[in-house]
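Shown below, as structure tokens, is a lone chain in the form predicted on its own; questions about how it binds or moves come after it.
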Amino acid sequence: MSYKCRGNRLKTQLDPAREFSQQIAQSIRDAIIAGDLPVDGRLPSEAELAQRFEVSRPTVREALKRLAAQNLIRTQRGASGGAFVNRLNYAQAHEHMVTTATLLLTMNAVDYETAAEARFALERACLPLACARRTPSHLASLRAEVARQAVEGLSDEDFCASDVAFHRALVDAAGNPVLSWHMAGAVDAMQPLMNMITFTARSRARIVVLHGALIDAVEAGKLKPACAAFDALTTYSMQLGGEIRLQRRGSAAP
């Protein structure tokens, strides 16, 4: 049985100049965020929503697809099925953040320097918490990735994946799931794009040394050396980006 929106606050008046399915999705989304549609509760049926919004069922169906794509609702089949308000978790939110950030960066052709500047500034802010809250599990994850990066013959793809995992573990060492979620776009979206640009020119041995120094400082809980190690990694990465940009300009010159 479907429930009524608390206080009947679901806005059903639509602007004829705008796409109906988008407006319906926005109205339901607003009600979910406001708490008027409770978590795990079942939404009104397609027929009821179509009647309330005075639109066709296919239009309602398209609106529900939009909400499902945002992980705001889930659908179930059967006699007890329907559309339900989803109980969003950090894993789902993380995936959505990474997808959005990746598309935003690639579609808008964000340059290396801009992406690197943002990513390093955001990640550096995690260092004080990481130095204070790192656990043996976090440190083991970090050291495992550095050991992996030092393996001779490791493919470029696997080295880049390990690099992303290293920085993700460093962010997670801050011990704040909200911060880890916010950093998902910076690490899991920006870092792979940065790696695509620099992987042919960088020294793996140097990165392993820089990563090792960063772990040592975080493990010791010493913020100043941790910041110094992170800044050295930042400087090296920015240097690589600049060198590659100059190389490309030289090769493109007539």
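The first residue of the shown sequence is 1; numbering continues from there. Throughout, rigid core stands for the largest set of C-alpha atoms superposing within 1.5 Å between the two forms. Remember, predicted model here, so these are calculated numbers, not experimental data.
Beyond the structure shown, there is the form predicted in complex with the DNA, which is absent from this document and is the topic of what follows.
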- Query: in the predicted bound form, do Arg133, Ser141 and Leu170 all put a heavy atom within 4.5 Å of the DNA?
  - Reply: no
- Query: Which one, 78 to 86, 142 to 150, 93 to 101, 109 to 117, holds residues whose non-hydrogen atoms are within 4.5 Å of the DNA in the predicted bound form?
  - Reply: 78 to 86
- Task: State the residue from Ile32, Ile207, Ala213, Val55 whose non-hydrogen atoms include one within 4.5 Å of the DNA in the predicted bound form.
- Result: Val55
- Query: Does Ser237 make contact with the DNA in the predicted bound form, using a 4.5 Å heavy atom cut-off?
  - Reply: no
- Item | 4.5 angstroms heavy atom contact with the DNA in the predicted bound form for Gln26 | no
- Can you check whether Arg61 is within 4.5 Å of the DNA in the predicted bound form, heavy atom basis? yes
- Glu19 within 4.5 Å of the DNA in the predicted bound form, heavy atoms: yes
- Task: Tell me, please, whether between this form and the one not shown the C-alpha of Glu19 is shifted by 2 Å or more, with the rigid core used for superposition.
- Result: yes
